[in-house]
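Shown below, as structure tokens, is a lone chain in the form predicted on its own; questions about how it binds or moves come after it.
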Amino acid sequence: MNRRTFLKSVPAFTVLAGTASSLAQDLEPITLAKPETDGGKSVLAALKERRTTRNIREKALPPQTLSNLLWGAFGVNRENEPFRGPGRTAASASNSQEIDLYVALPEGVYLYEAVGHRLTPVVAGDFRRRSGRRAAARAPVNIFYVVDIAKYKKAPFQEPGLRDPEVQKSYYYVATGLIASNVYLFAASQGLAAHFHNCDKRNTPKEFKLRPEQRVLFAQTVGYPA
């Protein structure tokens, strides 16, 4: 499906004004539909159904489902919280919010911006194969978890050890796990399949135009079970 066909088929997406980044000149920014905050199975029912499903269909997720998925993963759920700034659906050390979600769709890779709830183009082209799994390369959505070490310096509360590389490592691995768990629970509540796994760490940083302070950690594939 090409970009024009994709955008035409998702009326819940609103194209933002402005020119797309030169790194993704064939894509345009997308504002996601307002996330739904009710519906689906209960938390306990979702916990009962949570599982890893590796066989995922190629069928695209509806725009509303994709919006709900990303909000549930690491969206803004409160405007202000004790450590200043917006609160998110997953915790992070000193509210540093150090994990970025790079979303690989068939037509390109986008960065999920929680504030504004939108997808910003990163690079055009199908990079789902960088998720490192053959079946995942055909799935509709692959989320790449990328830590931005520079965000620790900007955290509103500088707790002891926040700038220690080993402590940082423990923080960002835990943060990734918390977000991935949200994705698993959302998938279980909606009858979707999810698979958390390793990914291509050699090619992805260059292809996703990452800065030296950013590191690719893992990927998670989401779609309909086969």
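In this text, all values refer to a predicted model and were calculated from it rather than measured experimentally. Counting begins at 1, following the sequence as shown.
Separately, the form predicted together with a further copy of the same chain exists; it is not shown, and the next lines address it.
The partner is not drawn, yet in the predicted bound form one stretch among 111-119, 129-137, 88-96, 148-156 has residues with heavy atoms inside 4.5 Å of a further copy of the same chain: 88-96. Residue contact check for E36: one or more of its heavy atoms lie within 4.5 Å of a further copy of the same chain in the predicted bound form. Heavy atoms of T31 never reach within 4.5 Å of a further copy of the same chain in the predicted bound form, leaving it off the interface. A residue is said to contact a partner when one of its heavy atoms sits within 4.5 Å of a partner heavy atom; F218 meets this definition for a further copy of the same chain in the predicted bound form. Although the partner is absent here, W71 sits close enough that one of its heavy atoms falls within 4.5 Å of a further copy of the same chain in the predicted bound form.
In the predicted bound form, E36, T37, D38, G39, G40, K41, S42, V43, L44, A45, A46, L47 are the residues of 32-47 with at least one heavy atom within 4.5 Å of a further copy of the same chain, listed from first to last.
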